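Given next, in structure tokens, is a single chain: the form predicted on its own.
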């Protein structure tokens, strides 16, 4: 056994002649804390977002899914993280593991090589710990628009110099610490959002469909109109003053990137109606968003629960779960990132109106219809054997009481 281990060790070392393709961005990869001193309001909003938690150490569901894929595919978690970094951490210095076989073998044998050291160092680099931060979005100098599902994240952008911040406004002369340049992908911000919120493909299956859902809808609403608040007049960095320079009042937005966890945005997802007619209750769901409901991570779900009542007593309950169900190469249910096919997808399309006709039980005098949302469906949580207060939580969407 010892001789085999020695032989394999030598094989790994000899095979590591091709190392990792790396791109060093230099000081542009430093953390965003330098921005927080001046941009306090934006920093406070951003800290509540999933953007600030895109690194694996900040998002327990992300970590659980990566660990699940690692177990199922007998693949080092670092290999998966390098692939996911395309969007989750686009300034990770390692862009691709050139010799995956030798890397996997070295990790399995717990052997440190030049390749494993570089990859592990890049994955753990503190410069990328703050996820999709100021120096990610606001350092994008150019967006390459593409319909290719693989041309996402860092592959779809060009970074600017470390001392240059790109945004929707021209420099007003107050910053001093950096240059400010106006770019059209901020004045037409869907281009920037779609860098990551569109596409991603594994085994021929699109794993992140929000962008294609939006394009299919033909809707002209901008992502920021819902997720970054309506425009309001204000001054960026109102505390900063420089002699002889009057701060410009502009139409600005929050950096909250609203979601279920940090806002009430889910309450603006559906319109709910119900009509009682004879022995049937017709429940009407209208998706008023320009993408599917639910959307985003393919493991999300919405529950439509109808409680039939007589007085305070619940006679029966009907439950409809809106979700996508993914199958792996063996035909077993899996996470989106391992999917070979989609078994079913009954989520509401953009602007869709769907009617559920439900037979009323005898004796029912009223019904309560409750729509709720999960950041991770019960089905997905069971597959990856994961529990967490944020992802176990049921978020309210809407509710309706109906007399029968």
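Residue numbers count along the first chain shown, from 1. C-alpha atoms forming the largest set that superposes within 1.5 Å between two forms make up the rigid core. Since the structure is predicted, the reported quantities are computational estimates derived from the model, not experimental observations.
Heads up, the form predicted in complex with a small molecule isn't pictured, but that's what we're talking about next.
Checked against the small molecule in the model of the complex, the candidates 95, 107, 309, 197 yield a single residue with a heavy atom inside 4.5 Å, and that residue is 197. Proximity to the small molecule in the model of the complex, defined as a heavy atom within 4.5 Å, holds among 322, 260, 281, 128 only for 260.
Interface residue remark: residue 167 is counted as part of the site for the small molecule in the model of the complex, having a heavy atom within 4.5 Å.
In the model of the complex, at least one heavy atom of residue 132 sits within 4.5 Å of the small molecule. Using a 4.5 angstroms limit between non-hydrogen atoms, residue 189 touches the small molecule in the model of the complex.
In the model of the complex, at least one heavy atom of residue 65 sits within 4.5 Å of the small molecule. This chain is displayed without the small molecule, yet in the model of the complex the stretch 249-257 from 249-257, 310-318, 95-103, 109-117 comes within 4.5 Å of it by heavy atoms. The two forms, fitted on the rigid core, differ between the shown form and the other one by less than 2 Å at the CA of residue 161.
Remark: with the core as the superposition reference, the CA shift of residue 259 between the shown form and the other one stays below 2 Å. Superposed on the core, the two forms differ at residue 247: its CA moves 2 Å or more between the shown form and the other one.
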